[in-house]
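Only one chain comes next, encoded as structure tokens, the form predicted alone.
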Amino acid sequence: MLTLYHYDTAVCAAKVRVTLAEKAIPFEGKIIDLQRGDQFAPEYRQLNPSAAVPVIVHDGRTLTESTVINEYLDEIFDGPALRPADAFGKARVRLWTKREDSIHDVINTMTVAIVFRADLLAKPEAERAKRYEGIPDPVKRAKWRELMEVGLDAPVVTEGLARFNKLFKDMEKALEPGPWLTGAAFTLADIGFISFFARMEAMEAAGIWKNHYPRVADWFERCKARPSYKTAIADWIPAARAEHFTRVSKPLREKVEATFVAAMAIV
């Protein structure tokens, strides 16, 4: 039996759910409510000291980190192969999955600046302080405080959007032969980015690729057309949460686009 500890809209948890769906792997799901702070509970920290999702427990063995989990699932379970059979092909996929890991913090930055900031600023100072103190990593804790203070004007936002721009440029070039990042086959390279793009789209920020990178835009539409997108991502988004994201994000859409255009000039 495979148990997945996850949260409905957590992007890294969604990465694993896409792989589970693509390979038709049955699992028992256990929700860790990140809004309630379940990830900081001592019993969960025993599973993952980083206080993050996802975690899988398979045959009594625990694994963390979505990219590692996805490679494990592809290796151990039957179903469509999500990596090439040859060593060079696997290495090409791994280069993209390393890139995904390196860009995850930008998704966090944008989500905090666009959505969580509005939510947390509506709470009492004591409750906000408690939320900060629950973040184990001091660097992440400091970033949250900065984003709470200045939002989209924080330098970390511009720096993150510049990194997005470099990513989109590289994806646009890789997709020229298409239709997927490493060629004809849909792989873990594609899976790792899908939930990131879905989060940005939910925050009314899809213009940062739609307005500038047509192949990337077409790639994401192909991703959304796969059955796994619905079962692993779309079906997990509560209607009220989707409406909240839209309502909070829409007034900031032009600001995000303008900040991205400025960030495009950063080499």
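Only a predicted model underlies this, so the values are computations on that prediction, with no experimental measurement involved. The first residue of the shown sequence is 1; numbering continues from there.
Below: the form predicted together with a small molecule, not depicted.
At a distance threshold of 4.5 angstroms between non-hydrogen atoms, Arg131 is in contact with the small molecule in the predicted complex. Residue contact check for Ala51: one or more of its heavy atoms lie within 4.5 Å of the small molecule in the predicted complex. The small molecule in the predicted complex comes within 4.5 Å of no heavy atom belonging to Arg94. Using a 4.5 Å cutoff between non-hydrogen atoms, Cys12 counts as a contact of the small molecule in the predicted complex. Contact annotation for the candidate site: Glu65, His104 and Lys140 all lie close to the small molecule in the predicted complex (heavy atom within 4.5 Å). From the list 202-210, 237-245, 222-230, 39-47, the contact stretch for the small molecule in the predicted complex under a 4.5 Å heavy atom rule is 39-47.
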